Structures are given as C-alpha cells and as structure tokens.
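What follows are structure tokens for two forms of the same protein chain, given separately as structure 1 and structure 2.
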Structure 1
C-alpha cells in the first residue's frame, strides 16, 4: 500500500509544542482577564444549522462560510465567528440565565478566505460579550477589558481605535443616503487598504452615490486632530442629526470612562474611518493595533450589535463585545520575537534523570515528591548515558535537572543542576523541594 503524503490543507496549520505552549499561555491570560471583569465561560457547537449563521454578517461573509449537507441531509455550516452562535444561544437560554449576561468563549472558527500573514481558514477566537443592556457602561467596559488584556500580554505599545455606527449612520442620513448603508460602510472599511480614490469609485459603483456624497463621507472619516477635535468635526458635518448626536455623546462618555479606568492618555483614539465589515454592528465599534506592527491589522476587534439576537427571538437582547484574534496575535508575537515564544517544548521545568544503575523506584519517588509540591516534573524514561539525558533536557527547555547515583542516594544526597547557568549542587534529601523551588524562583525571567 503506497504511503500517504503527510500534509495540511492550505489555510490550516499544525501547532507543535513550541507554538502551542505560548498559544495556551495567551488563552490562559485572556481567561484570567475576562474572569476578573465578571465574564462567565460558555461555548457553542462548531456546527450549526446553516440558517442560524447565514445572512448575519452580510453577503461577503456568507461567501466564506463552509456549508454542506450532513449524513442526515441537513443544511449545516461551520461557525465563521463566535458572536452569531452566541446570539442564538442567548435567544435560547438567556430567559433562564437573566440579563445582563456576561460571557467569554474561546474556540476555533472557519472562513474560506484568501490566506495571508496571520490570516488562516481555521483560526481561534477569544471573545467576551455583555448581552441584555444598551447601557454605555458596557461599551466603555470593552475598552477597559482590551486595555487590561494587552497589558497582560506584554506586547508593548498599542492603540484601541473606536468609532460609533450611529455617527456614520447620522452622516449618511444627513446626506440622504441612509438607505444604502451596507455598501457604503463596506467600502469605507477598505480605506486603509485601497486608498481614497478607489473607495470613492466603489461607493459610486456599489451604492450609487454621487462623487460629492462619497467625498463628504470620506471628509468625516479622514478628520484629524485630537479626539475632542474629531467629535467637534462630527457635530459640524452632521448638522445636529439626532443619531450622530447620540453617537458623539456615547463616545465622549466612553473616553471619559476609559481615562477614569486607568487607560493611559492617548491609547484610545477616535478613528472615524472604522466601519467594521460585518453588517450586524449598530453602535460602538473597536479595533486594536500594535504600534510596532500596524501592518498586521487589528488583533482585537468588535462592537455593539443591538439587533442580532432579534433574528432568533422576540425578546430584545442588545449586546456588545470584542474578539481577540489569537492566531494573528501569535504571528505578531513571532515577528516581535516575544519572550513567550522562547522555543520551549516542555511544560515541566524540572527533569528527573535516571542515573545509570539507580533504582527506577527511587527516581519516581523524587519526581512524585516534587509534583506534590506543585513543581512540574518529567521523568526521563530510561537509564541512557547522562550526557544524552542532559542534551534532551537542554533541547526541550527544562530549567533544572535532578539526579542521584547509588552512592548519593545511600548518603541521602540529591544533585540539582541549573542547565542554563551550568551550576550543580548536592543537597540533603530532605531539602530537595526547598532547593528546587528556590532555584526555579531565581531562574524565572
């Protein structure tokens, strides 16, 4: 029988331990931050009825959905994000859970799109949302959570860009083109990628607006200056439109809350060009950029979606939240040579060696004693030459090696070697845990 070539599909990837270990650390960090703000864990199936997913993110989004008929001849699809399934979940369970309901969810999603740096067809999202309230406090809290998250991820400088669909809709209403928001905002969302002229052309072609109307939209989007200057610009351009006025008021309060919540001055920036491509956003929208890698795009995005759950229930369930793009973030961390990606392939800092001639039972006893003291510990499986065992430890990234020969054991002594410092000490058997704990504390970056 011919061998099958081992390979992966385009847009999909494997995760070796050297990448999976920091990936898990990112998820653990996000989980801790989300929980600190009171978000509770939940999840939904990867596979949904197609009608649950389609038509929620827009035509362009629908084209990317992996859709097929299952063995029961049901029309099904793989989730393309975690927000739409959450809206379905909320329609089913929030009446029992109560509102406001704060959740976080982490898991893979699938989109059949063109691949690029940090962009895959299967990728993980790491979401947090509050549903069941229109209070601006929930919108402002998104900024506080994102700020806490990226500080905890130790990624250096970053900016959280915000806008509000009410501002954009107010402008469109004042121009008399509110009946064409989807193609206009989709085009606007491509401003950074396509440039002004091509965006104007797409607005004219797809939305049927005049060059003057398109230019008015872009005049707002390209407004410069401080956050206060931009809000003043909105008020002057939108002529007192009620929608725009509400959007401005919500943004002003959000910026004030962010400052009160300890977000450094200048980190939250009003960006009137942000529209977000998904159709279901209705209010505040967010995008997060790393200062050192702006070209990689937003690594944490989201917004307010007040009508999404209304597709599944008559109960009014407005929501707001954001999603961390884990795989794009990891790509950025690789480019930045982030210290979390140190090439470790072990999750245990200590390796217990099997000294040739030593008792396996005694080696297992040492490893068990360390684990009971909450020290991660791996046991080398056989009594190979010590040089080979040390090479294994250094290659996998263990911090310490613990070992003892028959003579040391009979004398009640165990050796502890710091693999990076190349130092070695013999300690009394009863002091092993204390010595290892102290060595690990010193070695911790």
Structure 2
C-alpha cells in the first residue's frame, strides 16, 4: 500500500510544543487580564448556518468564507471571526443574560484568503466586548484593558491609537462628501503605508472627490501635535458639526480616563487617519502598534458599534470591544526574539534523572513527592548515561535536575542541580521539596 504524503493545507499549520507553549502563555495572559476586568468566558460553535454568518450577503468578504453542504444537506459555514457569532448569541440570550454584558472569547477562525507572513487561513482571535451600553466608560475601559494586556505580554513599548468615526463622518459631512464614506476612509486608512500623494490620488479615483476636498480630509488626518491640539484643530475645522463635536467630546473624556486609569503619558495617541472596521464600527476605533515592530501592523484592534445584532433581533445592542491577533502577535514575538519563545519544549521545571542502575521505584517516589507539592516534574525514562540525561534536560529547558545514586541513597541525601548555573547541592532526603521550591524561586527572576 502506498504511503500517504503527510502534509497540511495552504494557510493551515501544525503547532509543535516550542510554538504551542508560548502560544498558550499568550492566551493565558489575555484570559487573566480580561477576567480581571470582569469579562466572562463564552464560546460558540465553529460551524454555523451559512445565512447566520453571511448575514448581509453579497459582500466582497463573503468570498473568503469557508462554506459547504453538510451531511444533512444544510448550507453551513465556518466562522470567520468571533464577532458575528457573538451577535447571533447575543440576539438569542441577552434577555436571559441581561445588559450590560461583558464577555471574552478565544478560538480559531477561518478565512480562505491569501496567505502572508503571519497571516493564515486558520488563526486564533481573542476578543472582549461590552454590549448593551453606549456609556463612554466602556470605550475608555477598552484602552485600559489593552494597556494591561500588552504590559503583561512583556513586549516592550507600544502605542494605542484611537480615533472616532463620528469625527470622520462629521468631517466628511461638513465637506459635503458623506455620500461615499467607504472608499474615502479606505484610502485614508492607507495614509501611513502609501503616503499623502497616493492617498489623494486614490480618493479622487475611487470616491470621485476633488483634489481640494481630499486635501482637506488629509489636513485633518495629518494633524500633528499633542492629542489636545489635534482635538482643538478638529473642532475648528469641522465648525459646529454635531457629530464631530460628540466624537471630540468622547475622545477627550476617553483620554482623561485613560490617564486616570494609569496608562502612561503618550501611550494613547489620537490618530485621525485610522478608519478600520468599515462595515460596522460607528464610534471609537482602536489599533495597537508595537514600537519595536511597527511594520507588522496592528496587533490588537477594535471599536464601537451602534447595533451589534441588528440582523438577528429588533433589540438594539450597542457595544464596544477589541480583538487580539494572537498569531500575528506570535509572529512579532518571534521576530523580536521574545524570551517566551526561548525554545522551551517542556512544561515541567524539574527533571528527575534515573541514575544508571538505580531503582525505578525510588525515582518515581521522588517525582511523586514533588508533584504532590505542586512542582511540575518529568522522569527520564531510562538509566542512560548521566551526561546524556543532563543534555536532555538542558535542551528541553528544565530548570532543575534531581537525582540520587548509590552514594546519596546510602547517605540519605538527594542531589538538586541548577542546570543553567551548573551548580548542585546535596540535601537530606526530607528537605527535597523545600530545597527544590527554593531553588525554583531563585532561578526564576
């Protein structure tokens, strides 16, 4: 029988322990941060009725959805984000759950789009949202959550860029070009990447505005100076446009709250050129950039929407939230040589060696004792040469090695070796747990 070639689909990949360990750590970090703000976990199925996921229908993006007929000839599709299924969920359960409702969700989503570095067809998202309130407190809290999250991820400095669609819409309205916001904003969003001239060109071509109108939009977007300066500039540029005024007021408060919430000065930056989320964001917009790696784009984005579940219920559900791009973030961490990706392939800090000729029973007794004391512990499977066992321990990234040979056994001691420092101590058998615990605490700065 011919062998089947082992392979994975384009855009899909395997996760070996060296990748999975930091990945789980990222997810665990996000989970802890979300929970600390009171977001509750939830999940929805990977597979849904296609009509639920496609909703509006006929959109460009629908082509990216994995869609097929199931065994009962149902028209089904894989979720392409966590927001749309959440909308369906909210429509079904909000009466029981009550509002405001805060949730987080993490899991894989699927998009049949072209691949690129850090962009796959199956990838994880890690969302949090507050629905059922239009209060600006929820908008500001997004900034606090993102700030706490990226501090916990130990990725160095970062910038949270914020904007408000009300400001953009108000500006377009005051310029009399509100009829074609999508191509305009899409062009505007590329400002950082393409530069001013090309954006003007695209605005004229795609949105049919005059060069002068395009220039005015850009004048606003390119505003330099402090956040406060920019807001003042918007106010003067948009005259008394009520939408813009509301956007400015909300941004002002958001910035004040962020500062009060301990977000360092300068970390939140007003950026009037970001526009993302064209289909449903209606208020505050967020993007997060790593200072060390701006080229990779936003690693955590989101925004406010007026009505999450309008497709599924008549109840109006406004909300605000953001999503961590886990896989893009991991790509960034790899490039930054983040210590979490140091190549650990073990999850147990201690390796118990089997001294050549030693009794397995004795070794298992040691390991069990450590595990009962909540110390992760792996047992080397056979009595290979000590050097080989040490090599294994080092390669896997264990912190300590524990072993006892005939000499130690007869003296009633056990040896504990710090693998990185290459130092070892012999301790009385009864002090094993205490010594290991202390050594582990010392080894972990």
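We call the rigid core whatever largest set of C-alpha positions still superposes within 1.5 Å between the two forms. Positions refer to the first chain, counted from 1. Predicted model only: the values in this text are computed from it and were never measured.
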| query | Pick one: which structure is the form predicted on its own? | reply | 1
| query | Is residue 217 among the residues whose Cα moves by 2 Å or more between structure 1 and structure 2 after superposition of the rigid core? | reply | yes
| query | residue 188: with the rigid core matched between structure 1 and structure 2, does its Cα shift 2 Å or more? | reply | yes
| query | Cα of residue 371 displaced 2 Å or more between structure 1 and structure 2, core superposed? | reply | no
| note | Expressed in angstrom, the C-alpha movement of residue 178 between structure 1 and structure 2 on a rigid core superposition is 2.9
| request: Once both forms sit on the same core, give the Cα displacement of residue 208 between structure 1 and structure 2 in angstrom. | output: 4.1
